[in-house]
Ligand SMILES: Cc1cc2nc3c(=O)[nH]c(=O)nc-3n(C[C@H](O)[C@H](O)[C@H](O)COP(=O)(O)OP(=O)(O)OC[C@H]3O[C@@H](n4cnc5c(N)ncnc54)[C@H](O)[C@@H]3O)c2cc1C
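One chain follows as structure tokens, the form predicted on its own.
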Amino acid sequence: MSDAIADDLPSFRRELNSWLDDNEGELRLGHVGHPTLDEDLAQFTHIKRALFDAGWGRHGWPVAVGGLGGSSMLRAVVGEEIATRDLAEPGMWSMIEVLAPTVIAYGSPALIAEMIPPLLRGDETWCQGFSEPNTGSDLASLSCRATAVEGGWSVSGQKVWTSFAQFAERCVLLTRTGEPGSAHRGITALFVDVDSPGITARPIEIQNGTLEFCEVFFDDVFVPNERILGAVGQGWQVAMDVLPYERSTAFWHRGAYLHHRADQLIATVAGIAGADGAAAVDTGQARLLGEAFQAVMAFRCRSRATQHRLAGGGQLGAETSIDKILIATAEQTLFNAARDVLPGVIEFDDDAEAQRLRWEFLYSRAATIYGGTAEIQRNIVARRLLDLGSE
């Protein structure tokens, strides 16, 4: 692909879709029924390798890390097209879209050159060690401690809700290196090999039956000095830079998937109505579907502006809390509508589509919790964007 086409998003999208059309059969591993988490991860790894080797997965990333350069919008387009073809579960993109830019921004040149290409190609999985059992959304009160030792740091403590830790080779870990009570000024970010002695990951089964999250224990884990991201005490800034990445390209992928699922739901309900000989979808169903579609599109409009701001070099900050509120609302509104317009399907049916809807409905319950609760996001909007005061 020429640089001119790569800079032209409509042409880039057409070329990508042509390649996907030609290769879609080989891109699917052919799992039967609703996939397990292990099957989802295998499919995602398969897709990442195919995209990277064909060049599509390298667009939008710096040349220094094996990329082909260009705007971050190119990554947004690739993830969107993969999501809307049901080729990979979009949540798995987040660890790349969130953590790769952070390590590129704060890692040493040697660390970046060594670690980023295997992640982009799908040869490695990374996880994010932020949340702790007693901190919740109050990240500044974390207690997992890194103590200075000869040549590096000794880490002890616990993290929880760590996505994909049981599969991961690396972890971006927030630790406390300052005195207790020093809040965000005493936090340092480390880049940790998950196979280091002293690390134990225990999967947690969530209500949809998957083991996506883990609690992770660190018992005197040695991390060398060259694995500090940024500087000692700069971990809070690293964390604040992580969140906007989570709420930009990764959210765009998720929003594209929700749009795709909304279209599928509307087609399903319309098909049932037609099969029953009805003139149209009934008023109650139409209202629920309309509200769901409206919520999805409200998020996508907001997210589009965020993508363009990021691609234009703009700084993302507190305003991304609006994106977080909107995508959580869209996700829950959509799958609430699915439950109500297809009565009994989520609760009692057991075909592949019903299993998928059940999984998505249950997972959507957490949309207003993970990544910062809806209450915290509204407080950020009130205090930092609307200047409504501290309470």
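Position 1 is the first residue in the sequence shown; the rest follow in order. Remember, it's a predicted structure, so these values are computed and weren't measured experimentally.
Although not depicted, the form predicted together with this ligand is the subject of the following passage.
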Segment assignment from 161 to 169, 107 to 115, 78 to 86, 190 to 198: heavy atom within 4.5 Å of this ligand in the predicted complex: 161 to 169
Listed residue that, although this ligand is not shown, lies within 4.5 Å of it in the predicted complex (heavy atoms), from Y257, F218, F213, W153: F213
Contact assignment for this ligand in the predicted complex, among L342, A366, A354, L27, heavy atom within 4.5 Å: A366
Would you check, heavy atoms only and a 4.5 Å threshold, whether T268 touches this ligand in the predicted complex? no
Heavy atom to heavy atom, is G129 within 4.5 Å of this ligand in the predicted complex? yes
Would you check, heavy atoms only and a 4.5 Å threshold, whether W19 touches this ligand in the predicted complex? no
Just checking whether I376 would be counted as a contact of this ligand in the predicted complex - the rule being heavy atoms within 4.5 angstroms. yes
